[in-house]
Structures are given as C-alpha cells and as structure tokens.
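Just one chain is shown here, as structure tokens, and it is the form predicted on its own.
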Amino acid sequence: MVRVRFAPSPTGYLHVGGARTALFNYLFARHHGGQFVLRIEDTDIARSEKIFEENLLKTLSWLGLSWDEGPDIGGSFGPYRQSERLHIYREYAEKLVSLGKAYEVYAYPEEIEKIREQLLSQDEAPHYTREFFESFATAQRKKEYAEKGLRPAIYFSMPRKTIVHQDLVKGTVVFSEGSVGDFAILRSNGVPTYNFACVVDDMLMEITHVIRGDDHLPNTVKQLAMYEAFEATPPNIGHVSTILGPDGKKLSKRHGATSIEEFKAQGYLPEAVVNYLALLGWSSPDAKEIMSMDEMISKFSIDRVSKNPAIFDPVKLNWMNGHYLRTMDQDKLVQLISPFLNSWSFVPKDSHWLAQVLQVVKDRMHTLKDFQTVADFFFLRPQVKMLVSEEVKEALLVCAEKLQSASQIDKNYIVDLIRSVVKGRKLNAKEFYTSLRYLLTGKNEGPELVDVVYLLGTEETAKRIKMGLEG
C-alpha cells in the first residue's frame, strides 16, 4: 500500500510551498488508494510552539486535506510528534554505533567549530571524519562529561563512495564520492538532527513514497546512506521544483502574501487555493484548469510534475478565486462573507437581502474581502454633494418624491419610473444616470442602477438624492 507523509515543523505559519507539498502528497495517496500521514517535526525546541501546530492542523483542514494518521487522531505507527519519540532515536543511534557505522564524539561545540574554521582556512570543505574527533575521547574528557551529566553526540560515518539516486521527478541524480563528510545524528542533549529523525521515522512508519521540495535534495545523499546502514529499503523519493515569484526570484514576503493563513484572511476560498496550488508544477492530462478535489485526485500522477520552477501568479489566483465566488452556492457565499462584516461595520437588513447584494456585486469580486470596496455603499451612506444642471436636479427630485410615495415597488417599476422622467424632460441621459449613480453610491461605476435602487429601498434612495443635492 502507498503510504506518504507530510511532516511540517511547527515554527510558523503554513507557507505556500509547504501547502503544495502537502497537497501533492495527499493527491498521490488518494489517487493510489493509500494513506496520508501527518507527522509533526518539533525537535527545534527553541522555535517550535504549540500554537503553530494547532494552526497547521486547522489550516490543512481548511484546505480540505484529511489525514489517516496523525498527532490528533493517532494510528498504528505513533507517536506522531518527534518530541515524543526521543527514546526511539536514541535506540537507533546506538544501534548504528554498535554496528560501527556511527561513533560518539566528546568534542564541545566550540571545538567542532574550530575544526571547521581550520578546514576552511586551508581551502578544504568542512567535511568531518572520525579521525578529527579521536583526540577528544580521553578518559579525562569522558569523566568530565559524566560529572556534568552530559552524553556525547553521535556522528554518522558517511561511506566514501558515489551514491546514485533515481528521483521520481528529477530523474537520475548522482552524488559524487566525498561530497559529504560525517555528520551529527544525535546531539548531546538527546535531540536528533533532521536527517536522522526523518530516516528513522519514515523507516518505522513504513513510508513508501516521499514527495518534498527540491531544497531537500542535498539531504537525500545523507538519508540514502543511513538507509543502507540500517539495511533498509528507502522510500521512492521525488523532489518538486521551487516556487518563484513573478520576478523569477524565490517566493518571499516581498511578493505579498506567502502563507495560507494570509490568503484565508484576505478572503480567498479553500477550493480556489487548492485548485491553484495543484497547478503550481503539475498539469492535468486534459489541460483542464478548474477542477474539484475529486477530479484532481483522479488525474494526479507524479510523472506530470514538472522539473522546472513554478511561477506564482497572483493575477491567475485572483481569476480562479473569482470564478469560484461567482459559481458558488448563494447561501454558502452568505455564510462565508458574514464573518468579515463586523470588521467593516456592515449591518445587513437580513440574510436574504445580503444574498441579493452579493448577487449583484460578485462579478466585481476576486476575493471575499473585495466586498468591502464594491458593496460598501449598500451599508454606509456616502457623504457626497453634487452640482448638476437645474433640469437634472428637478428630475432627480421628482424620482425621489415618486419613490417615497410609492406603496410598493419592484424592479420594473424603478426602470419605468426613471425612463419616463428622462424621456419626459428630454434630459441628457448620460448626465442624469451618472449623477444618480454618484449620489447613491459615491462611485462612478458599479452594479446596475435598478439593482442599487431596489436594494437600497425607496426611503434610503430618496434620502441620498435629496441630501446630495442640498445647497
């Protein structure tokens, strides 16, 4: 059975790149009827926070990605937080020591740094070997460690040979002999390094495929060597391309929002975000762009993931989000927009009225947050004053009076009233309509005037006309 994992560190919000990695793993697992495992890599004690873990779980759920095993639901291969697996890493590190494939290091961090500096000063790569550390393993140093309650760090003895990796995305990748020296797998405080914990976890959790960003490619040579040391078969590994901004540089804060939480706060829909992320480096075999989660699952294959960097295009994301807004069930759209209203001081008459307002403005929206600027005049009276010709002023006031005196109106009544006033007085139609729109909305463009008048209501429409023409 296919088993994949998404293993974020709870040190911040979920970045676009991490979300895409999670999505690709999810689609791959579901396409093959496999399992999607969520593992929290929280061994960075200084930066890991519980609140970030909670946010990660909420954000993944918001995206519609459900996991089969994880820290919140358990599973047969737990625990699913690395901080709860320290005893396991100690056991497997000591196993490598017993096999002669790893060794204890009694050097203090500053002594290791001094070795590094010496190598660099001699124009040599800072690749460590067992020989560099042998002089520190004296009886005196071991006694010193024991008295201080310290344990030696454990380093992996990297084999000196060429390692060839068949990548699911990039194809054949060759790591030449000597490209990596020995490296720490267990710190003196008992906390594992990333590469070691990753191998132990993937091995024990029976992960069959690893799909991750290509920034992890340099880690692959170390991990493959450790799998070999454990005499274990490594998972199939694929490295997806980096996501770049529109300027061709690595996506960062200077390009705008980069975390999924930011996109959610700005009013993007999860369906649109997921759909867009799927197309960052992957393409559907039928070149279709708007797809449901089920469609993406049925069509996803790793061989259609591009080797080339993906370009994050906010214009395309806005277009896609706008499409989902326009085609969304109206009741659901009302539910989604409602949490934003209080922050804008928008008080709708009722949910039915709000649904009607959404219906007439949503073609002008790319995100839920756009509602604030395209529909503000329905909720907040614009403070405008206008100087118009006497003929147009008279016609506008006539409209106001007739609307106020009408016992009941519909859109046909509004259309007929305005047309009769304009034609009966032989007005400049453009001046009349432009003036009416500005008095009612404070804008020069927007929804159809008949919709504006109908939704504002007769009293409010008349009041805005009269107030705007005063003086």
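Here the structure is a predicted model, which is why all the values come from computation and not from measurement. Numbering starts at 1 and follows the sequence shown.
In what follows, reference is made to the form predicted in complex with a small molecule, a form of this protein that is not presented.
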*Looking in the model of the complex, any heavy atom of A7 within 4.5 Å of the small molecule?*
yes
*Hey, in the model of the complex, is K362 touching the small molecule, heavy atoms inside 4.5 Å?*
no
_So in the model of the complex, is the small molecule close enough to Y194 to count as touching (4.5 Å, heavy atoms)?_
yes
*Contact of E53 with the small molecule in the model of the complex (heavy atom, 4.5 Å)*: no
*Among 212-220, 131-139, 297-305, 351-359, mark the stretch whose residues have heavy atoms within 4.5 Å of the small molecule in the model of the complex.*
212-220
*With the small molecule left out of view, which of A93, C198, L317, L251 would have a heavy atom within 4.5 Å of it in the model of the complex?*
C198
